[in-house]
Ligand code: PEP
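First comes one chain, alone, set out as structure tokens in the form predicted alone.
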């Protein structure tokens, strides 16, 4: 993620919103009637931008791949019917040209396109000199540098109304999610560039409407700037991603339960108690660091013994045995320590231990 890109303030995008921006609409524009009825179903709801896919990148040929340029007029008319701006995905310079001609207000670059720097650069070149908000979804795989590179390419051609969309990541691990949230990656992106508006796309993270609320609430708890949710007038008949789309009524129910969190409070009681707990945490963190330093010191000593006997740095049996022990012992100590966290933490510590041992060999 680029550490310095020139971004216009979110409030200067020309889109009215209060604390959180909501982008909603069908996965795909399927017909003029379907799009208009969905929009009218959302009228009066908390919707700042109407979305719909016009060109759909699909894994297999023969699937519904969108209605094409004809749908841009439908989308614009649907947005006008409820008096909100509209957005769609672009993947080629031709898409950009068609959208600009149709007066589409906001563009987004999808995960599959973000994965390909050549494709992103072609889109960026087509947008040179244009003043339009552009949102960039994270790449399919958990690669923060690839995500940042896409944003940087747009920044370099002069796009200043930039935002990012977290839509989860494809991993080899089994999960209840369609795409793993891996929240640490968008949080790191936000840390590197605090002015970058960060949206969450619960629909593509979940792949299942029953999980949408919990992910949407997580995003609000983590101070995301907005949500992008798929809403269809009749999800059961949708030509793409029917299981993750809400009805307009379902969308309103979800938003009614959503709690928008604040970053601070004037409550003295809260401040007093949080200060005490944080001091405890700071002390525990210090102890953890001391223990990690001692552990790495031992790793360095082990490296000398391995070197003297021509033993490999990586010991597969030892790694497997200790990793399992970490998870079992950790979960026995506290239910707050998840299996995923313990496994990942041990992986990080083990990798650092190997790095320390490699230093010994290279001296």
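Quick caveat, the model's predicted, so the values are computed rather than measured. Residue numbers count along the first chain shown, from 1.
FYI, the form predicted in complex with this ligand isn't displayed, but the following is about it.
Though the partner is left out of this view, residue 50 does not reach within 4.5 Å of this ligand in the predicted bound form, counting heavy atoms only.
Within 4.5 Å of some heavy atom of this ligand in the predicted bound form lies at least one heavy atom of residue 110. The closest heavy atom approach of residue 27 to this ligand in the predicted bound form falls within 4.5 Å.
Proximity of residue 68 to this ligand in the predicted bound form: non-hydrogen atoms within 4.5 Å are absent; the residue sits far from the partner. From the list 69 to 77, 250 to 258, 285 to 293, 111 to 119, the contact stretch for this ligand in the predicted bound form under a 4.5 Å heavy atom rule is 111 to 119.
Within 4.5 angstroms of this ligand in the predicted bound form, the stretch 50 to 81 places a non-hydrogen atom from each of 51, 56, 57, taken in sequence order.
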